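Single chain ahead, written as structure tokens, the form predicted alone.
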Amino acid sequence: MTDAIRRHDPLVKGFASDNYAGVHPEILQALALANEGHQTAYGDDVYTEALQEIFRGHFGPEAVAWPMFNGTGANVVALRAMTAHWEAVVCADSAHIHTDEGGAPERSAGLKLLPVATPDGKLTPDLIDRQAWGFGDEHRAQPKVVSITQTTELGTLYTPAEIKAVCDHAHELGMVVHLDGSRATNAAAALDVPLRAFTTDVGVDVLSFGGTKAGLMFGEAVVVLNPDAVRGLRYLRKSSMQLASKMRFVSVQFEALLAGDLWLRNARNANAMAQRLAVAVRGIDGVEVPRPVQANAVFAILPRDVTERLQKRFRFYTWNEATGEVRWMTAFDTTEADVDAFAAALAEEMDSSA
């Protein structure tokens, strides 16, 4: 028995973030499976050992996975391992490492971010060159890493060919490539390709692989695809406060997610619900959907009063206060009924504003 009390209505869902979703039932079952008895701490357990083979199955024989607590931690550890203190990271100006991590890469990793304005959240070789210069100049932080995000913060997708072009160009410059893949499973589902198709196969050196948005209770992983691109990751994980003592509970979640097709089922549902939402809201007079819907994010421009009223009924974020743009995210547990109820509520609020 437990004295805990359910303090929320499980039937109420929002569209603010796929982080708002609960834990997939199959993940909960895996956690219970790993819970009995004792296992060695700090990653020397049978679940973390087995996880390596599972990641190699997705990313190739050289892949090594390092479980972490959260996405910011995974990005910081990865970038610390890829840079010296005088080196810098080229990224899109909308990148999570630049806009949503409280300065953690610069504060904790001691590196310089070199952001580039992009129209769609994606870097290209030409855009990289706007910041990848000054090599050998002691007055400038030395560009070392290109960091891209798949899917991007604007909901857009890189094709494997686009990422290959980025990697080829970065490598020609003597740089290495980091991919922030907090929604990598959504990207693979949308592109209908294996996870390695836009990572290992096209030259990505290090991947931050997302689990929380895909249905885990907690957990991300730094996946090293090119061992020559990192130094001291084992020690940096500890000094960055990302070494879990009971690591088996992170690792077994990834096993449940990746050993079968759970990752793909979850991603396909989230993506399909975003498409359903986009179709529904495009049919409402006065609602503008300014960006392509390529995975599980829908952006829209609404009147301010409509946004304020609708946010009292459903949780979601305003993306740009100046333009009235909002962002809606769907998750592995979003249903058709959830989408239809939200679209109906939006239509009611738009009618009230007319």
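From 1 onward, residues are counted along the sequence shown. These numbers were taken from a predicted model, which means no experiment stands behind them.
This protein has a second form, the form predicted in complex with a small molecule, left out of what is shown; the following refers to that one.
J.: Given that the small molecule is left out here, which of 72, 142, 108, 271 has a heavy atom within 4.5 Å of it in the model of the complex?
T.: Exactly one residue meets the criterion: 72.
J.: Exactly one residue in 253, 266, 147, 182 has a non-hydrogen atom within 4.5 Å of the small molecule in the model of the complex; which is it?
T.: It is 182.
J.: Specify the contacting stretch among 148 to 156, 280 to 288, 190 to 198, 126 to 134, defined as having any heavy atom within 4.5 Å of the small molecule in the model of the complex.
T.: One stretch meets the cut-off, namely 148 to 156.
J.: Test of understanding: in the model of the complex, would residue 80 fall inside 4.5 Å of the small molecule by heavy atoms?
T.: Residue-level check for residue 80: no, no contact with the small molecule.
J.: Taking the shortest heavy atom distance, is residue 213 within 4.5 Å of the small molecule in the model of the complex?
T.: Contact with the small molecule, yes.
J.: Quick check on residue 96: any heavy atom within 4.5 Å of the small molecule in the model of the complex?
T.: Answer yes; at least one heavy atom of residue 96 falls within 4.5 Å of the small molecule in the model of the complex.
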